[in-house]
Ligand SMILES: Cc1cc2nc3c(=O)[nH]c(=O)nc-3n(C[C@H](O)[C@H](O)[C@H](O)COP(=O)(O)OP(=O)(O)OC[C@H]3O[C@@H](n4cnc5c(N)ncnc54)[C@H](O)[C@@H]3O)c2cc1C
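Form predicted on its own, single chain, as structure tokens, below.
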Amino acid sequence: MRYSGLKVITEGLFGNKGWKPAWRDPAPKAEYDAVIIGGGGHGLSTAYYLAKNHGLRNIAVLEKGYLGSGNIGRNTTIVRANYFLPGNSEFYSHSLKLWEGLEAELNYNVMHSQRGLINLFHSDGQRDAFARRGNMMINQGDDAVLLDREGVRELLPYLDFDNTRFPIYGGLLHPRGGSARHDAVAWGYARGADRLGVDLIQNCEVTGIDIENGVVKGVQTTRGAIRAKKVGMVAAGRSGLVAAMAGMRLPVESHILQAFVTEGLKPVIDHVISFGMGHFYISQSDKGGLVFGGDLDFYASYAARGNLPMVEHVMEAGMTLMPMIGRAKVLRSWGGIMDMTPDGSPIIDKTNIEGLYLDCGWNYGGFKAVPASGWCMAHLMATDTPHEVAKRFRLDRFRTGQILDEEGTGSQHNLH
């Protein structure tokens, strides 16, 4: 069943009795060609592109809870391609291109809004750094506009421009950046994968990975053993726990990143805004809520909740940037489990076990990476070779020293 405006009108006229479930609820089969561990955005997009791009149909996605119950529904929904150094730059550029055609491809409204993202800067040094970043973005084929103080004031007149400690010098505008509806992305990919024959199996926790003579044979689950020729580990913040079932210790730590949303308000914030001195970022949802967040909670945890000191820190940064936010009532908050790597960049690679693949370490970049992550992971699992835009996301880079600096704030590695 295709969704359309005509379908919505027709169903509304006839009592909405013709809608069908968005996806099936199948029982697990005894064997699959490929099994994806993790039913979040990355796992669902991997399954979708395995079926669509590579013709595999005998695929299962295994999720211990319900589809989209992890980080895909616990983030601040920002979509951007404003990275600085090679490695991340071309990958997120590819992801943004996929975002721009995603709704038409999936026949699903993920509420992708290219409203523009503005990174503020507050000193001469920051301005120079953002000017350099903007040039790199343009060289990559993406868009960037360097705004002076008055250029920012024209777009964001409600900010505190006279703050003595953190004066606003200007900002880097990324016009194609924006936001999307987080859980709708999971639902869209789930529906698309199901239409291509993928089995989406919920409430099916993986409890073990079967390996014989260095070759993966399948997985053990709470719903029985499932054999598989290929297994992809796409478990976000729990990647370390899943990999341990295969005898692997990953170079990741799991930390909590909190996010907040206010009551619904009239439209006031048209862009996504990032505060250059407080690690605070904010946008306004289609429902009117102000969606914002800040730093990690800075302690390792698998609990999807945060601590009060970081709540206070985020609120302080928001009040510093735009005092008007103090009049809004916070409606709810949540915490995502972030799998953090030492260099802030992800891993998409084969493991030393034949048929076992890894997609993890998304740090702050997981939501915006969903389309390209699935595209590249599917390519890897289908062909056993890395996709061109993800070839630097190797697992062994931490041993060889060929690391990637996600922020682009440190020295440029591997050049000296």
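Throughout, we count residues from 1 along the sequence that is shown. Bear in mind that the values here come from a model prediction, so they are computed numbers and not experimental data.
Heads up, the form predicted together with the ligand isn't pictured, but that's what we're talking about next.
Asker: Considering the ligand in the model of the complex, which of K230, R176, R133, R238 comes within 4.5 Å of it through any heavy atom?
Answerer: Partner contact (heavy atom, 4.5 Å) among the options: R238.
Asker: Which listed residue (Y32, W375, Y364, Y357) meets the criterion of a heavy atom within 4.5 Å of the ligand in the model of the complex?
Answerer: Checking each option against the ligand in the model of the complex, the one that comes within 4.5 Å is Y364.
Asker: Taking heavy atoms and a 4.5 Å cut-off, does Q258 contact the ligand in the model of the complex?
Answerer: Contact with the ligand, yes.
Asker: Residue-level contact is defined here as any heavy atom of the residue lying within 4.5 Å of the ligand in the model of the complex; does M381 satisfy this criterion?
Answerer: Residue-level check for M381: no, no contact with the ligand.
Asker: Are any of the heavy atoms in Y281 no more than 4.5 Å from a heavy atom of the ligand in the model of the complex?
Answerer: Close contact exists here: in the model of the complex, Y281 approaches the ligand to within 4.5 Å, heavy atoms only.
Asker: So in the model of the complex, does any heavy atom of V234 sit within 4.5 Å of the ligand?
Answerer: Answer yes; at least one heavy atom of V234 falls within 4.5 Å of the ligand in the model of the complex.
Asker: Of these, 161-169, 258-266, 138-146, 117-125, which stretch puts a heavy atom within 4.5 angstroms of the ligand in the model of the complex?
Answerer: Every other range fails; the passing one is 258-266.
Asker: The ligand is absent from this chain, but in the model of the complex, do G38, N71 and I78 each have a non-hydrogen atom within 4.5 Å of it?
Answerer: Verified in the model of the complex; spot residues all in contact, yes.
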